[in-house]
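The chain that follows stands alone, in the form predicted on its own, written as structure tokens.
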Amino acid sequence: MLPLSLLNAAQNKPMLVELKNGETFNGHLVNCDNFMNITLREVYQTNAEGDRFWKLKECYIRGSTIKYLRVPDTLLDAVKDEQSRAREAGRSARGAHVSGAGARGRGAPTRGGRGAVRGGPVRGGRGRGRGA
């Protein structure tokens, strides 16, 4: 499971964020980006010692400062199920392989290729080399 797909699924869900400096933030995820920068709303912030608290309407946390995130277990299960269903659907759709004249795998060479004229002198090839 990819962390960003989990975060995208966790929007509007409660979560706990602990920073590398020990501060914690409890709130509901509003948004996240590819750098794992997140925005929380209805936030309770706790200092590293755990003896001071602040209530914030909204806060922005830079992804590089995050030590870990804690999301509800039910969300983890839901994302796992969704990804396994998507994987199964992808397998059934990709299974239809048609081989024939139009297929261009690693088998028979395609006609022409690299601009060579059939039956003409062979030019180029690998590297620059010395001419013949």
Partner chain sequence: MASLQGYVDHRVLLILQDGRAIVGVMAGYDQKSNVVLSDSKERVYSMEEGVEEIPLGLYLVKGDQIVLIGELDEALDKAVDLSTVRAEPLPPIRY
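Numbering follows the first chain given and starts at 1. Values in this document were obtained by computation on a predicted structure and should not be read as measured data.
One more form of this protein exists, namely the form predicted together with the partner chain; it is left out here, but the text below deals with it.
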Task: Contact at Leu6, Met36 and Val71 by the partner chain in the model of the complex, all three, heavy atom at most 4.5 Å - done: yes
TODO: Answer yes if any heavy atom of Arg85 is within 4.5 Å of a heavy atom of the partner chain in the model of the complex; otherwise answer no.
DONE: no
Open item on the list: Against the partner chain in the model of the complex, would Cys59 count as a contact residue? Criterion: heavy atoms within 4.5 Å.
Closed with: no
Open item on the list: Test of understanding: in the model of the complex, would Lys13 fall inside 4.5 Å of the partner chain by heavy atoms?
Closed with: no
TODO: Check whether Ala89 has any heavy atom within 4.5 Å of a heavy atom of the partner chain in the model of the complex, and answer yes or no.
DONE: no
Task: in the model of the complex, the residue from Arg41, Arg52, Lys67, Lys55 that sits within 4.5 Å of the partner chain by heavy atoms - done: Lys67
